[in-house]
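Next up: a single chain in structure tokens, the form predicted alone.
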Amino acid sequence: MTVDAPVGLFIDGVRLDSVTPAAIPVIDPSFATEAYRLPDSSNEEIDRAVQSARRVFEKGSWAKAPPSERRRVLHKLGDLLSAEASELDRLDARDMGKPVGLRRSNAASAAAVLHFYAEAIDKTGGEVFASDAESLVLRQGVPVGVVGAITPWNFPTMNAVRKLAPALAAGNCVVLKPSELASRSAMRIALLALEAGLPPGVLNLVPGSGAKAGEALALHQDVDMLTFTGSTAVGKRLMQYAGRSNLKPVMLECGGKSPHVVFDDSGDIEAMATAIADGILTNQGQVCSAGTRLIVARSIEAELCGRIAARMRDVVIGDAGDPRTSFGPLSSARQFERVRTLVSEASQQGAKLVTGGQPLSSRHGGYFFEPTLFRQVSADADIARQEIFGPVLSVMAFDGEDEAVHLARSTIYGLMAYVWSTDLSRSLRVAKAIRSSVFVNARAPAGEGAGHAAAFEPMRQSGFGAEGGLAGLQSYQRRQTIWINH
């Protein structure tokens, strides 16, 4: 298969054409033109993929392989991804508009995730409990079995690897359904995994829509676990499917409306403005953890907004496949209309437009929308409460710490938060009050920090279950207790 070959099913180590006549048009968002048609896998094809994974899991060719063998295969897959990183980035750019020059969560980063989990395989252990003189009681982590993984479109290569790497490292078999907007890189990863030495059937791929292929996978009685990244509405639906089927556990990373809480002692305001603007500009704001609400001390609100607005205007808008582009299109016509509608309603709800707010499709041809900044946003306005998933920043001023915390917690979400202050005591108070994962940014991040060892677990309607680090690997294991009477 060449990198640009059409996407099909991948079952038992073989690429197959779908037998279903249904096909989904995939649109290149930079030009609003059809790139290819994606098969919409049938219930029978989903069942075939799950049966393949079940058969191989029970056989144990991967689950019972020694840690050194699993480590070797994942390292090899990481090397193959590194070698094809530029091509995978190009596929993602064509499918959903992530600029090829964007270094965050690109294919090279995904390869690093694979290398991390390859090394993590023999770094997790169980525990031995204190017991009486006539028994030995221990607990070990074992693979859950067949994992159904449903991934979103915003970082196609990285999101596939974030599910696959820990699930495979834990010894599971996986049936992957990538987003219907961006499936080509997942298809390529499946083929590279086979080349790396992953036994056929350990990883199966079923393309298609969420409403058809995703639902069939979630309802399947022989899937032992679901892992999903995407909207809260779909996450709730998957929990219902799990309950209607076999009570399979579900791990969810859903929506976010992450706040930047900025105090007036935050230090270098220019560096801070650049960091906040970059966060909302990255991938056109189509990032679940993007800081889309700026909750700022009233005394510095005007100056900070002015600097952020200037940074928003200083972008290179264009074809996502052009290395010079820093700001590409939104992923689809549907996403474009959602952003346009919410921005239009914001002014009617009293928000003050500072910059942007206009579609750029007529000028650029694709689903382009200007980076947009609103001040004087009410906490109950739609743009302050709903996940927009676009380049829109809502600004709310506060007069005291308690008010800042109240505003930060005024949504249904709990994915991520950012606190800006040089007062460490205050930063910790606010972080504990917000309760989600929190970055305390006394200055803009300059390095990689904990890298892939950091684990993040959402709360409230942003989901549950840890992703990242050793905790992320353990999320794909079941805790088995063994009690030996001797």
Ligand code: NAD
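Numbers for residues come from their place in the sequence shown, where the first is 1. Here the structure is a predicted model, which is why all the values come from computation and not from measurement.
Keep in mind that the form predicted together with the named molecule is not shown, yet the notes after this line are about it.
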Whether Gly230, Leu238 and Phe389 all lie within 4.5 angstroms of the named molecule in the predicted bound form by heavy atom: yes
Do Trp153 and the named molecule share at least one heavy atom pair within 4.5 Å in the predicted bound form? yes
State yes or no: in the predicted bound form, is some non-hydrogen atom of Gly214 no more than 4.5 angstroms from a non-hydrogen atom of the named molecule? yes
Would you check, heavy atoms only and a 4.5 Å threshold, whether Leu194 touches the named molecule in the predicted bound form? no
Could you confirm whether Ser209 comes within 4.5 Å of the named molecule in the predicted bound form, counting heavy atoms only? yes
Just to confirm the contact call: exactly one of 377-385, 136-144, 343-351, 174-182 touches the named molecule in the predicted bound form at a 4.5 Å heavy atom cutoff, so which is it? 174-182
Single option in Gly291, Gly201, Pro371, Gly255 placed near the named molecule in the predicted bound form, where near means a heavy atom within 4.5 Å: Gly255
Between Leu415, Val73, Met396, Val100, only one gets a heavy atom within 4.5 angstroms of the named molecule in the predicted bound form; which residue is that? Leu415
Even though the chain is shown alone, can you say which residues of 53-82 have a heavy atom within 4.5 Å of the named molecule in the predicted bound form? none
